[in-house]
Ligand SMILES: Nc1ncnc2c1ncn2[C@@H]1O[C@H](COP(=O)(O)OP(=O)(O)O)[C@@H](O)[C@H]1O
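Only one chain is shown below, in structure tokens, and it's the form predicted on its own.
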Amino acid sequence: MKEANANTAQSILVRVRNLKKYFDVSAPWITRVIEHKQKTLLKAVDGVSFDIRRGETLSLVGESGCGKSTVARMLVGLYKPTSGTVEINGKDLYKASAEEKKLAKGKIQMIFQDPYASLNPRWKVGRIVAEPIKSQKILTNSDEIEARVNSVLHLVNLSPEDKDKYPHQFSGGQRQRISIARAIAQHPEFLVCDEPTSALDVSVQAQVLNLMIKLQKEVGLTYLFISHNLSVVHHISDRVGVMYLGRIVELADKRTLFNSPHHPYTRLLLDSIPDVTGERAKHGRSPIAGEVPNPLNPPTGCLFHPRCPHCMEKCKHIAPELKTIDFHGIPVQVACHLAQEGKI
């Protein structure tokens, strides 16, 4: 048993514990003094924990404003957490020494949502892809850098001749391939993908997703995939975490979550997928209703209880913790009193 636990620990590349990010959205200090107001904090992420094993894809889904993109930015160092830890290869991204931070960050890259906005329009593709190699001083010989650029362009199905073109000369899908080439140029272990296909046409989305799956197998990449498109998430994920108002409410493997969701929000989120067969109506399933509560004034107890069709009195006053339950031998993490008690 100890050996199995040790192997499991070694297979974990990313470990996130009780991650929080609060933004101060208070009125100016003088206004608060005159009107006797307290500081106002927006709890964008409020105690998120998860592990990502090497070679797997963990997706985070949820409605706009749930905090999934904020989590992504903290994992690459763009936002500093209010509290909590992010460990990459066992090294804390924010508490390690400067050298350890540099090594950890060198293993992480990010693919952004808009492929055109994330590429410098004044640079040619060759310079764009070579930039992370030069800035991290991974290679210094110009011939070796050019060979690396040609290699990664080939991996993303672009040709070496594309090095001398500008981003505006490519289609949206090709620009996203350039972004992926830049991200893998320094041979990272971990890619954070913040809705990388949402700005693309459906047919191009499939091409980019299939490319990412192919690269994951060939290069050995690990992904954190952020999306609100459940079809995309189903295609690329190994495990899925569902976020609501800054917290994870359910985390399970893809098949279990899509076939047997436990949290009422997950069920309603899946029911929001357009139904062209009419099967949902036959089973009395309804799409998600109501609006997301104001994050500056969240409800007490379970954050989802004002919209939950199964809400009971306990839900209005006691916030459920994210706990692991056994579902036919499969571990599922869920933050719901009813699910934890086996009543749903």
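Position 1 is the first residue in the sequence shown; the rest follow in order. Please read these numbers as outputs of a predicted model, since none were measured by experiment.
The form predicted in complex with the ligand exists for this protein as well; it is not shown, and the discussion that follows is about that form.
Contact with the ligand in the predicted complex, judged as any non-hydrogen atom within 4.5 angstroms, is confined among 299-307, 312-320, 49-57, 23-31 to 23-31. This chain appears without its partner; in the predicted complex, the one residue of Tyr166, Tyr94, Tyr116, Tyr79 with a heavy atom within 4.5 Å of the ligand is Tyr79. Interface residue remark: Ser64 is counted as part of the site for the ligand in the predicted complex, having a heavy atom within 4.5 Å. Taking the ligand as it sits in the predicted complex, the stretch 26-42 comes within 4.5 angstroms of it through a non-hydrogen atom at just one residue, Leu42.
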